[in-house]
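Taking the form predicted on its own, here's one chain by itself in C-alpha cells.
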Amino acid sequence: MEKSSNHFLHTSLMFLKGVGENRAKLLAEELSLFTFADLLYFFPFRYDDRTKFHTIASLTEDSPYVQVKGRVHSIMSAGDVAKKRLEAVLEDETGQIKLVWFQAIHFVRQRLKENIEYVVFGKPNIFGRNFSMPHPEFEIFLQNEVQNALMPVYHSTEKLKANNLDSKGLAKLIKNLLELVKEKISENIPVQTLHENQLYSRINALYGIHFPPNTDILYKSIKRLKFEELFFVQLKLLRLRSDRLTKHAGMQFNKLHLHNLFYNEHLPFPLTNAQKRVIKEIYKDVNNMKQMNRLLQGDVGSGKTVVAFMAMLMAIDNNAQACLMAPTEVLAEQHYKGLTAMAEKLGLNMALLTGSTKKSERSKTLQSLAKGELKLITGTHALIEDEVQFQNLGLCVIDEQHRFGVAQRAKLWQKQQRVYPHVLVMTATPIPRTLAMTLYGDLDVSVIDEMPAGRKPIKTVHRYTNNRQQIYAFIDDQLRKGHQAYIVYPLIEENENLNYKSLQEGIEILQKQLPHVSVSVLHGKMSSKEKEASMAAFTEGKTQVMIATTVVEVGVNVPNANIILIENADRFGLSQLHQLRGRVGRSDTQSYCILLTEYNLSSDSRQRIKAMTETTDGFKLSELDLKLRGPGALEGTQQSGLVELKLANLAKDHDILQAARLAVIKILETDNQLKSVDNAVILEYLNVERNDTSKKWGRVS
C-alpha cells in the first residue's frame, strides 16, 4: 500500500537526491533537520534582491546586499604575504567601487578578466570616502542568463559549508525536494477556509517562500504559512477548551451563604465595577457543573486577592475546600496574612504550608486537610507534595502561574480524582491580547481593568545618575513625613563585567547619604527566616527603607511606602518595571517611582523608560514590551510549550492570528471532531504529519 503524502514527508533526508547517509547525519547534527518535512519548513532568513540593478552612485552605507553591473579594470594583488588580498575596480556610468577578496585569491584571479562586463552581488562597505565590496559574487553579464529573482539565503554552519552545504547547497537540496513532493504534498487547511481568507495552497506557498519570483508572491506565501502555524496553535487550544466544556464535569457551587455575608458585612473596601463583573463571571462558571478554567488578569493593586477569596468562599459554602498556591514563600506568606484577616471575620481557619513550615505544624495541617476540617490553605509548591491530601478539593487558585512548571500545576489539579477542581489562575503581569490568545486561548479570561477608588496615579520620573544628590534629598523629605521607600537593584554582588550598581554598594551609598535612616535588606540569597524578619521590620514600620533586588517585585504590600527608586532601570524589561512600580501607590497618599539610569542609553531602553513615564496602563506597556523584546522574553512564554512559531510574530501578526482563530471557531462549531469530508485534511495532518500526541496540559491552565 502506498504511503499517504503526510507519511511521505516523514521520509529520512538520506533518501533525497544529493544527500546520502553522511550529509543526512550532518544536517541532523547541525540544523536538526531529519525528514523531508523538516527541510521543507526550513525557511530562508533573508532574500537577496536580484530583481534589479543598482547604480554605483546610488549606494549608501546602509545599502543591503545589492546587485550592480559594470566593467572590471585595475585587477591587482595588494598587501604583504600574511595579509595578501586581490583588488579590482568595477565601474558603471555613474561611478566606481572597489572589489576585494581576502580568500581564494588564485581562484578568483583566474576567473576575473579586465574590460569584461560583470554582474556583481555583495554588501557595500564604506572606508573613508570610498566604497568597497568584500568577497562579492560575480558572473559575466549575459542578457539572457541574468538571475532576476529574490534569491533565498539559508542559515548554514562551518561543518556544512565544508561539505558544500552552504546557503546555495541547501537551496539546491530544497529545489530537488520541492520537485519530488509537488505532486504528493497534501493540503492541511480546508479549501473553504483558504478561499474565505484568500490564501495560497500549501505547495504554492512553499514554492513561494523558498523561490519567490517577486515580493508580492513572497508576502502572500509568508501570509499563508503564518496562517497555517497560527491555525494549528488555535485548533489545539480551542479543542482543549471544547473538551473541558463538554467532557469535564465540575462541582456545582450554587449556595452562597458565607460569600454573601462577607460581601454585605465584611468587605474591607467597596468593590469596583470590574471586580463585581469578574465575581459574576466566576460564579457563572462554578454554577454550571463544568470545570472552570479561568485566567484573572489585573494590575498590581487592582484587587485580585479579594476576588479570589470570594471565589474560595463559594467552594466552602458548598462543602468543598480551596487552596491558593504562590510561587515564593514571600508571596505565600503575604497572601496568608491578607486572607487570614478576611477569613477571621467569618470564623474560618486559614493554614500556611511552605518548605519552612515546622514539622509539628505541618503534621497537624495535613491531618486537618485530609479530614476536611481545614477548608482554606495557602502555600508554595509544598502543596503539591504527595503527602498533602484533600478530602474534597473544589477550587485551586494559582497566583503568578507562569512561575510554576506545567507538571507542577498538574499535580495540584490531580489532588481531586472524583471530579476536577475548578481552577482560577491569577497574574499581575498584563498579557497582550495577541499573546493571551496564543498562550491561554483555552482559558476563559477575566480582566480587572479598574483600580480601587481613592488611589492616586503614581508619578513616574526618569532621572540620571548625576541627579543622585537631589533624589536622596527628596527621599529624605518623604521619610521625614513618615513615609517609607524601596530602593531596587538588579544584582546582589558586584560583577566586574557588568556596569550595574550592586545591592551591596547601594547600602553603602544610602548609609553615606542618609546615615540617620534605618534600613531593611531583601535579596534571594537570604534564608527564609532572614527574609521574614527583614520584611516584618519594614511592614511594621521599624525600618524606613527597604533595599532589595527584584525579590520585592511580588509579595510585599506596605501601604505606607510611597516611593520606589529603581537603579539601572534600563536593565529591566517593561513588564518588570511596571511590577516593581506596583509596590507603591497602595494608599490614598501620592506615590512616586524614580527610574535612575546613566545618560547613555540604547534607543530601546530610552523608549521603555519614556513609556513608563507616560502611562501606568499595564496592558499598553505589555504591548510595547512584546514589540520591543518579542514573546520569548515575556515571563511565562518560554515554558508554555505552546508557542513554537517559525514565521508568525505575535507582536505583529494580530490580524492573521485573529483570522486563524475565527476560522477554527467556525470549523469546530459545526464539526468538533473533524469528521466531515471537508475537514479530513486537518485530521490527516494532525494524526500523521504533526503526530500531535502531546500531553493536554491546557486542561491544567
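Don't overthink the numbering: it's just position in the shown sequence, from 1. Quick caveat: nothing in here was measured; it's all calculated off a predicted structure.
There is another form of this protein, the form predicted together with adenosine-5'-diphosphate, and it is not shown here; the text below is about that form.
Exercise. Considering 549, 305, 380, 156, which brings a non-hydrogen atom within 4.5 Å of adenosine-5'-diphosphate in the predicted bound form?
Worked result: The residue in contact is 305.
Problem set entry | Selected contact from 567, 333, 299, 625, since only one has a non-hydrogen atom within 4.5 angstroms of adenosine-5'-diphosphate in the predicted bound form | The residue from 567, 333, 299, 625 that makes the contact is 299.
Exercise. Can any non-hydrogen atom of residue 455 be found within 4.5 angstroms of adenosine-5'-diphosphate in the predicted bound form?
Worked result: Looking in the predicted bound form, residue contacts with adenosine-5'-diphosphate include residue 455, since a heavy atom lies within 4.5 Å.
Exercise. With the partner left out of view, is residue 275 within 4.5 angstroms of adenosine-5'-diphosphate in the predicted bound form by any non-hydrogen atom?
Worked result: Residue 275 belongs to the contact set for adenosine-5'-diphosphate.
Exercise. If you check in the predicted bound form, is residue 557 within 4.5 Å of adenosine-5'-diphosphate, heavy atoms only?
Worked result: Within the cut-off, so yes.
For this session: With heavy atoms only and a cut-off of 4.5 Å, decide whether residue 388 touches adenosine-5'-diphosphate in the predicted bound form.
Result: Close contact is absent here: in the predicted bound form, residue 388 is far from adenosine-5'-diphosphate, nothing within 4.5 Å, heavy atoms only.
For this session: Report the stretch among 570-578, 237-245, 264-272, 479-487 that approaches adenosine-5'-diphosphate in the predicted bound form to within 4.5 Å, counting heavy atoms only.
Result: That would be 264-272.
Exercise. Looking at adenosine-5'-diphosphate in the predicted bound form, which residues in 569-606 have at least one heavy atom within 4.5 Å of it?
Worked result: The stretch touches the partner through 586 alone.
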